[in-house]
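Given next, in structure tokens, is a single chain: the form predicted alone.
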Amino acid sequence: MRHLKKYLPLAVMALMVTAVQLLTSYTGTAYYLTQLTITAYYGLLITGLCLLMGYAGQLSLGHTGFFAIGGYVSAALTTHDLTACRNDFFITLLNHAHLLISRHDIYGEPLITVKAWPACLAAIAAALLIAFIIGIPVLKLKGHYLAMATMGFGIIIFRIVMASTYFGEADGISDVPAFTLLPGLTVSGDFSYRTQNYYIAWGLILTGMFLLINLIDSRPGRALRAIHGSPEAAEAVGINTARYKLLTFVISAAFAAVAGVFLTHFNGGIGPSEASIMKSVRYVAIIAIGGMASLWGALSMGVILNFLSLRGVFGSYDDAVFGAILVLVMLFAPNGILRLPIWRKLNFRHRDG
């Protein structure tokens, strides 16, 4: 029974996802699925960052860097023309392994590029490797020093994609091919490309939440909570805090990279704004308002606030709104709005004394 209760929110979420898709199709508002799909991919990053901040106690202001690494590496591999070097040994090896594809760009010119799925795996592997390399020295820092170091990493990635002609500079990369989704199903009619991506995005969210819930309830999850409470006490009882911090950092980077890859291929491109510091502030604000140690709280706030942002509700004050949210939450609800006293007063099962 305890295990059924643990997975009940996932079942409810799956039903809600299906209900929303059917409702939008019935009412002729299926265009909302585009914003909801993008929201889901951002939510994937948020849940991974929530694990790092809320359970390992490590503040990161550079996770947009891993998001950008995933998106940009996959975009570059699937759009950069390899025709000029097709006789090189490495390119020939990729061709024999059936990892290359011939296609045409938006101007009708022939291209030879890496296939989407191998590029996706390469992008995620690159993000994991970078996370492992920088995580070893960076995670030795604490508090605002750690925040500043991760922010510096994010700034480095932002400047690289802004200055590199390979990554399109300020224009970013466009003409990124879509994944071949759900083979055997048409991309027209009721089950359109938009609908397919909607289910893929929310399927990733459900899978990610399933993995994180099980991780938190496992022995490593209990170790993470001990590290968050007191790293010194955790070390005293034999927990390898450095190892667990690094593992959590790499896992959260993987979530960000997967989100970056899939969103880039869904949008057909990526720009430098995805690596901006204000995006990192936005994600931290969302986790703070949902509750640092609440995966469901962070995800729900991420869905609501990102959807409103994508719908243009905040207008040109978008970044200012998320900055103000972060300041207000830190001042008046440091544990998240879901743990405010008002919710305890509304709980009819609460008994005084």
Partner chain sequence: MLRIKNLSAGYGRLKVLRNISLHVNQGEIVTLIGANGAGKTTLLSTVCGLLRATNGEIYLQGRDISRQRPERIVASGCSLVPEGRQVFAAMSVRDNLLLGAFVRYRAAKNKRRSMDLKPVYQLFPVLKEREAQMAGTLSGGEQQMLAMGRALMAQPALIMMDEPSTGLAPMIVKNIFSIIRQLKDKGNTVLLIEQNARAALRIADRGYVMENGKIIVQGPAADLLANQDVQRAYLGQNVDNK
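Numbering follows the first chain given and starts at 1. Worth saying up front: this structure is predicted, and the values here are computed from it rather than measured.
Omitted here: the form predicted in complex with its partner chain. The next part is about that form.
- Residue Glu232 is the only one of Asp88, Glu109, Glu232, Asp171 with a heavy atom lying within 4.5 Å of its partner chain in the model of the complex.
- Put simply, of Phe167, Phe266, Tyr199, Tyr244 only one has a heavy atom within 4.5 Å of its partner chain in the model of the complex, and it is Tyr244.
- Contact annotation for Arg225: at least one heavy atom lies within 4.5 Å of its partner chain in the model of the complex.
- In the model of the complex, its partner chain sits within 4.5 Å of a heavy atom of Arg219.
- Of the heavy atoms in Ala84, none are within 4.5 Å of its partner chain in the model of the complex.
- The closest non-hydrogen atom of Ile239 lies within 4.5 Å of its partner chain in the model of the complex.
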